[in-house]
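A single chain, nothing else alongside it, follows as structure tokens in the form predicted alone.
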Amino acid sequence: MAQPQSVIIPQPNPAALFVVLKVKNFADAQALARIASRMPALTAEVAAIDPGAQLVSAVGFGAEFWSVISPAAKPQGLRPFKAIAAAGRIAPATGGDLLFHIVSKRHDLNLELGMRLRRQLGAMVEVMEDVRGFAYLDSRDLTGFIDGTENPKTDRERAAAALIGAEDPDFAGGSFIVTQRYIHNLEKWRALPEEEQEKIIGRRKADSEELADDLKPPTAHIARVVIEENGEELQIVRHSFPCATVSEQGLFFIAYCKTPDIPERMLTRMMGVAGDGLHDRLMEFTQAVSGANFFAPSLETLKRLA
């Protein structure tokens, strides 16, 4: 199989940088694609400053932008993020043409790589999102619950969930990306007793143990996002991180998947538009403020863009 970009398969280190960009003029599309194609080489240059920091990255392309730079060849399923609105719950589609996802043990190296990329892109783009993600305590979301418990654990399992395979051979080794930034209402959340919080998430707060079926409501978060088909759980690879200031706290959700159908199904179940009359109660305590889909091509496909 073609090689995926370096951030996708490894378990993430504690510092992340997410940058979503809008292309001002598609007349610059090919020049921007050439710059983006150099992401692995530029990552290697910055990584050499401190190999122990394990700097890795990926560049993703929005559906419209990809259609401009590669009109004759498009991965199956690549499409813009679909906005959802239901009973006051909103998942907006804010879009984006380029995504840079950078992870290491050092935020300063993430920033160095991001700044070098930004200088090369210059006035051809404008920044839509520039978010620093960080590991919080023992891998917890700012709600206090451990995040990513359902993630595939081994490299083989993560590759099977994240990477396009024989179903679309021209783009094998690539991956679809879904991003959303959420802002939590922690004051409202913290007013709940811990037992009620656990029922909303579907896990114990202390150790992330899943609640027994008779204690876990059908509106629990994990009851809405864990989907089984033909006896197997549909998997995505989450790389989400808390993001916060002292005034605003939330989560940058990002997932890699072999098909965007899976996260779309999860989100419809969360938002309450899956047809069963239920929604994820966690959505009563957090609000999505952005949403976008991207495609992360394999290293081989990325080189061809140059």
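Residues carry their position along the shown sequence, with the first being 1. This is a predicted model, so every value here is computed, not measured.
Although it is not shown, the form predicted together with ligand HEM is what the next lines describe.
Participant: Closest heavy atom of Leu17 to ligand HEM in the predicted complex, within 4.5 Å or not?
Facilitator: Outside the cut-off, so no.
Participant: At 4.5 Å between heavy atoms, is Pro263 in contact with ligand HEM in the predicted complex?
Facilitator: Answer yes; at least one heavy atom of Pro263 falls within 4.5 Å of ligand HEM in the predicted complex.
Participant: I'd like to check something about Val125: if you look in the predicted complex, is any of its heavy atoms closer than or equal to 4.5 Å to a heavy atom of ligand HEM?
Facilitator: So Val125 does not count as contacting ligand HEM.
Participant: Any of the heavy atoms of Ser290 lying within 4.5 Å of ligand HEM in the predicted complex?
Facilitator: Close contact is absent here: in the predicted complex, Ser290 is far from ligand HEM, nothing within 4.5 Å, heavy atoms only.
Participant: Looking at heavy atoms inside 4.5 Å, which stretch does ligand HEM contact in the predicted complex, given the options 100-108, 127-135, 200-208, 86-94?
Facilitator: Among the listed stretches, the partner-contacting one is 200-208.
Participant: Using a 4.5 Å heavy atom cut-off, which residue among Leu186, Ala172, Ala159, Ile146 comes into contact with ligand HEM in the predicted complex?
Facilitator: Filtering the options by heavy-atom distance leaves Ile146.
Participant: Contact check in the predicted complex: Ala2, Ser37 and Val59 versus ligand HEM, with a cutoff of 4.5 Å between any heavy atoms. Do all three pass?
Facilitator: Looking in the predicted complex, the three residues Ala2, Ser37 and Val59 all stay beyond 4.5 Å of ligand HEM (heavy atoms).
Participant: From first to last in sequence, which residues of 179-193 have any non-hydrogen atom within 4.5 angstroms of ligand HEM in the predicted complex?
Facilitator: Those in contact are Gln180, Tyr182, His184.
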